[in-house]
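First, one chain by itself in structure tokens, the form predicted alone.
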């Protein structure tokens, strides 16, 4: 690349995501990056704008029984079932590594009711376990009781989204992000509910509900029967939903769903996302998120963009 194709100075990738300052707009999808230490053998995890940890519950969860993963032509189905070490073990055994390496931490949390979410957020803040909270209201592969309106996910009921968000908001002063589901009729309703409840940003999107059947055995490929579809197959859907939400809300968006490279990430940013998360592709290319960071910097340089925030919502119509 010749010098005249670049800006005169290095582009600025720093962003402010609803009160969380990140050195660049790239994090990782919760559940795809464990607690950070596992990937440190491939790259310095502190280079990430933030590390989003695997969903944390108050007590350890074993998750669903195997088989829990099924490869698809352009991604994968998973039904892990939010397996995690629990909050106490995270604070004692996992969080110290991230702090020792200077990582910004987004603590993804999961509970069975608003009070459990609130307790998780409260303790993470009090014990320095996170710099921001991401409330997972949209996991499609756990068997919890349906609510009174028949929805399987909190994120499918805007009234519940607002109630859960308000309860968590009242429990913590940390930036609060709400992770929403694509398995809804109108994503704007859910996003507006999160905003009204006090969220500082929304994460879009979690996995699409899917399933696979083995024709030879005639049995489900996943023990849970249904799971969440992720990977490049869902990217066009995710980009569109980010665009829909960005036109409805004033708070920032973390865009995710099938991001493999900087070009994919730019689609989300141009659609209205302030930050992006790299998820399933890290299983195929462990340093994918770092390549996205480098690619975004190169994109800004080639297009003479001084600050990446100038590109948010910048799709030309």
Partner chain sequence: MPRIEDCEVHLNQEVAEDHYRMVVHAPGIAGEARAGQFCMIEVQEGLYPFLRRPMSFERIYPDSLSILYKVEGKGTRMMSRFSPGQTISIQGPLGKPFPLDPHHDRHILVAGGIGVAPFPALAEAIIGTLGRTPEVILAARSENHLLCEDEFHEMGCTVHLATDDGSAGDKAFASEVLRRLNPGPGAMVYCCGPMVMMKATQRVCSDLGLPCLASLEAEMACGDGVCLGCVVPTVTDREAGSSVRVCHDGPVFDAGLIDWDGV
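Quick caveat, the model's predicted, so the values are computed rather than measured. Positions refer to the first chain, counted from 1.
In what follows, reference is made to the form predicted in complex with its partner chain, a form of this protein that is not presented.
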Although the partner isn't part of this model, could you tell me whether residue 214 comes within 4.5 Å of its partner chain in the predicted complex, counting any heavy atom of the residue? no
In the predicted complex, residue 170 touching its partner chain (heavy atom, 4.5 Å): no
Give a yes/no on whether residue 93 approaches its partner chain to within 4.5 Å in the predicted complex, heavy atoms considered. no
Can you work out whether residue 209 and its partner chain are in contact in the predicted complex, taking contact to mean some heavy atom pair no more than 4.5 Å apart? no
Using a 4.5 Å heavy atom cut-off, indicate which stretch of 247 to 255, 265 to 273, 278 to 286, 45 to 53 touches its partner chain in the predicted complex. 278 to 286
Students should find that, of 197, 75, 111, 158, the residue having a non-hydrogen atom no more than 4.5 angstroms from its partner chain in the predicted complex is 75
For the stretch 104 to 127, I need every residue with any heavy atom inside 4.5 Å of its partner chain in the predicted complex, listed N to C. none
